[in-house]
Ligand SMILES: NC(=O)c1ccc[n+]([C@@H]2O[C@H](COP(=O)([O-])OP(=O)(O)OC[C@H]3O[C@@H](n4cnc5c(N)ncnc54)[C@H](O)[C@@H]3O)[C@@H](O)[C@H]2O)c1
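To begin, one chain is listed below as structure tokens, in the form predicted alone.
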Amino acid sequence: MDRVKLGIVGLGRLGRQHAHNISGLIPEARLYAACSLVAEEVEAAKRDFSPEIVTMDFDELISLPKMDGLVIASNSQAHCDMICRALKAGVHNIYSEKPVGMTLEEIDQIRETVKEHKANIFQVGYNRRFDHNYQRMKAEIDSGRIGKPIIVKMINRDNLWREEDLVRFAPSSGGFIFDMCTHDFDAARWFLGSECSKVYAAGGVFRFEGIRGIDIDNVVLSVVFKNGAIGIFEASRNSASGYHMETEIFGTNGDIRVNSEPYEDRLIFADENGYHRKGFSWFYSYWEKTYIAEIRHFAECVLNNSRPIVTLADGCKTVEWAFAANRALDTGEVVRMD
């Protein structure tokens, strides 16, 4: 079987995991080239994953004639620039981590560049659509089993950060809503088959004083969808018990839930203080299979010239929503998206 030659730019905590998956866990692909601006990350990728080409020059990466597709896993603020530069250099198959852009102007720029330079496969990294539980939830909703969806509730709590790590990460993260909550919105609009009509937000800094004025660490978002359904999204950077993700869709004839008790293993320990189970230490452990599945899907789309499950249009919708949610947070007003 042919194997897709993939290049990757960005070898931080998620980019390195993508490189690991491509190099050994995805039979349809191989890690052809790896790029980072950090010398230590390049050397580690060369040592651990053995790509044919390693470089600290992004222009060199996107000029490689034998590369079949590019995975962009750099920091959020660089996504738009790298997407557009890659397309202009002749790269036609792109997987980009979310968000694809940081402003409405950036997503317009990406749309125009994709059209002008005729991108072939463009996939955005909303990995939850590749979770088998979420896929079954989607199928049950579409079958009408719970009737008409009324409320979608999502809890998205990151494991407790070390403050110095969050202070370093926050300025380039794209902001809390872009970084975490767009995952929830993408899944919700997929489940409901509807776009957002209006959004209200309330949040702030409750734990990490070092990011005050830069970002927030907790938020609650209330959303009304165009089909009348209601969304409630809660997100946090400081879950002391470990990473926690929970989803419920409540309908006219029933409800369906995923991950009400997200434990890393089945071991229960009991002592004089009660019963204890180990939570997830970070988000990647929780979603590991989906990260493998989404890059495998990208490779399959390149091989078969097929449309990806998560498209550029999906990625642009989440940016538009995040922009409105941030505006709602800043103003304290309900923001309409019509």
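Quick note: we count residues from 1 along the sequence shown, nothing fancier. This one's a predicted model, so the numbers in the text were calculated from it and none came from an experiment.
Keep in mind that the form predicted in complex with this ligand is missing from the display, and what follows is about it.
Participant: Given that the partner is absent here, does Gly315 sit within 4.5 Å of this ligand in the model of the complex, heavy atoms only?
Facilitator: Residue-level check for Gly315: no, no contact with this ligand.
Participant: Taking this ligand as it sits in the model of the complex, is Glu97 in contact with it (heavy atom to heavy atom, 4.5 Å or less)?
Facilitator: Result yes; Glu97 sits at the interface with this ligand in the model of the complex.
Participant: Is Val9 one of the residues lying within 4.5 Å of this ligand in the model of the complex, judged by heavy atom distances?
Facilitator: Result yes; Val9 sits at the interface with this ligand in the model of the complex.
Participant: Is the gap between Ala270 and this ligand in the model of the complex 4.5 Å or less for some heavy atom pair?
Facilitator: Although this ligand is absent here, Ala270 would stay clear of it in the model of the complex, with no heavy atoms inside 4.5 Å.
Participant: Each of Leu37, Phe58 and Gly125 near this ligand in the model of the complex, meaning some heavy atom within 4.5 Å?
Facilitator: All of them do, each having a heavy atom within 4.5 Å of the partner.
Participant: Please pick out the stretch from 111 to 119, 220 to 228, 72 to 80, 147 to 155 that is in contact with this ligand in the model of the complex, where contact means heavy atoms within 4.5 Å.
Facilitator: That would be stretch 72 to 80.
Participant: Given that this ligand is left out here, which of Arg189, Lys138, Arg129, His183 has a heavy atom within 4.5 Å of it in the model of the complex?
Facilitator: Filtering the options by heavy-atom distance leaves His183.
Participant: Work out which of Tyr291, Tyr32, Phe49, Phe280 lies within 4.5 Å of this ligand in the model of the complex, going by heavy atoms.
Facilitator: Among Tyr291, Tyr32, Phe49, Phe280, a heavy atom within 4.5 Å of this ligand in the model of the complex occurs only for Tyr291.
Participant: Can you list, in sequence order, the residues from 11 to 25 that come within 4.5 Å of this ligand in the model of the complex, counting heavy atoms only?
Facilitator: Those in contact are Leu11, Gly12, Arg13, Leu14, Gly15.
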